[in-house]
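In the structure tokens that follow, a single protein chain appears in two forms: structure 1, then structure 2.
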Structure 1
């Protein structure tokens, strides 16, 4: 059996349920309120949380009671092997980036008590420095670390009174490659996967977002459950690494 599992091992030698090496390097962008460079293998994303003393106009009437949190996601032109044109040159953001930044924003707001940042917007900027699969889930993981560091700084300087982040949040990609559920897909696996899923969970083990898509493929209930279980396992580990990174970032 051992032999078979070895022949079936992933092209980078990982087990099917194994994460890539993960690291969080705090303070990559010192002018942000909080920042971190997050790496999942060769995927590297600059995550920065910046507080602004204003809220979107549609929130104005309630701005004394509530704040806002919003994400922006972008690929740097040299993040991919083929240079990607900047959004401002293309004239607009591509649809994929719009979809991703909406996911990041929703994921962080799900663990945030917006009434604890009245009159403030916390921006979560995620700029991909190197793309090798899983940039959206890495962005969520890094955005949480950056936000946590930013919040500590805002409390320290007296801008806000209490920590609005009421739970931790982390995310991971899982997928089906043939019949096999695999964890944390790099680009080489992602492009061949039949089903691509992104799972976001809280520190207390609850789901925030479940997104499973078959591009020119479908999946059944059992496969769905396998993917969720695999994601849960990966997220538990990431949550521990985030706590360690936040501690370091606040030292």
Structure 2
């Protein structure tokens, strides 16, 4: 697969094992404790981390011992080709957004020692400006950068004593299109993929979440291994970009 992926191209000219152009622009939202504009090709998401000196009511008995980290995800009405109604107008939040924000929260809490932010909640707001596939994975990547910048500022001002983020975390999409494993799917590929997957991993190489399903298709063990190998390769590069962005955001 490796040799073939180097010689064959996709509709946008990329190799099958090549990421879209990815960038992180830190400090995009000055009122947030930490923020970044993350771009995966034409997918663009603002991720902001804001610290609040209180915890959810259900956590109150433990508030002196630990804090909380939670995420909210939304897609702006003009993020897609056809206008998407705001949840407030519809009178309820759509199930997809709820699923994604829970995934973002789980991914960040997987690398967070909540005992190091006692009495605090760190909110991760991910707002999609433009959607072209991979909004949830881009949101996870950006949320980590925003959180890391926010935590450094909280330590500097004395609100918390030490860094609660014990590892990095990043995510990427992979899939099978015509039995070929491909990395980082834009919408044009995602909608036609036989198998679609979102992989979340830590900086130390451990899996946080593997979301994988066939669309009127199945996949075997060899294809599963190919997809996971592609994801690991892509995430390794994203982790480097994240660290560079964090450094820029703290300068």
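Numbering follows the first chain given and starts at 1. Note that the structure is a prediction, hence the values are computed from the model and not measured. Only the largest set of C-alpha atoms that superpose within 1.5 Å between the two forms is called the rigid core.
Colleague: Kindly point out the structure, among the two, that is the form predicted alone.
Modeller: Form predicted alone: structure 2.
Colleague: Superpose the two forms on their rigid core, then report whether the C-alpha of residue 31 is displaced by 2 angstroms or more between the two structures.
Modeller: Residue 31 C-alpha, core-superposed: shift of less than 2 Å.
Colleague: Is residue 204 displaced by at least 2 Å at its C-alpha between the two structures when the rigid core is overlaid?
Modeller: No; residue 204 is a residue whose C-alpha shifts by less than 2 Å between the two structures when the cores are overlaid.
Colleague: Kindly check if the Cα atom of residue 192 is displaced 2 angstroms or more between the two structures relative to the superposed rigid core.
Modeller: For residue 192, whose C-alpha is compared between the two structures after core superposition, the shift is less than 2 Å.
Colleague: Please state the CA displacement of residue 216 between the two structures in angstrom, with both forms fitted on the core.
Modeller: Its C-alpha shift, to one decimal, is 3.0 Å.
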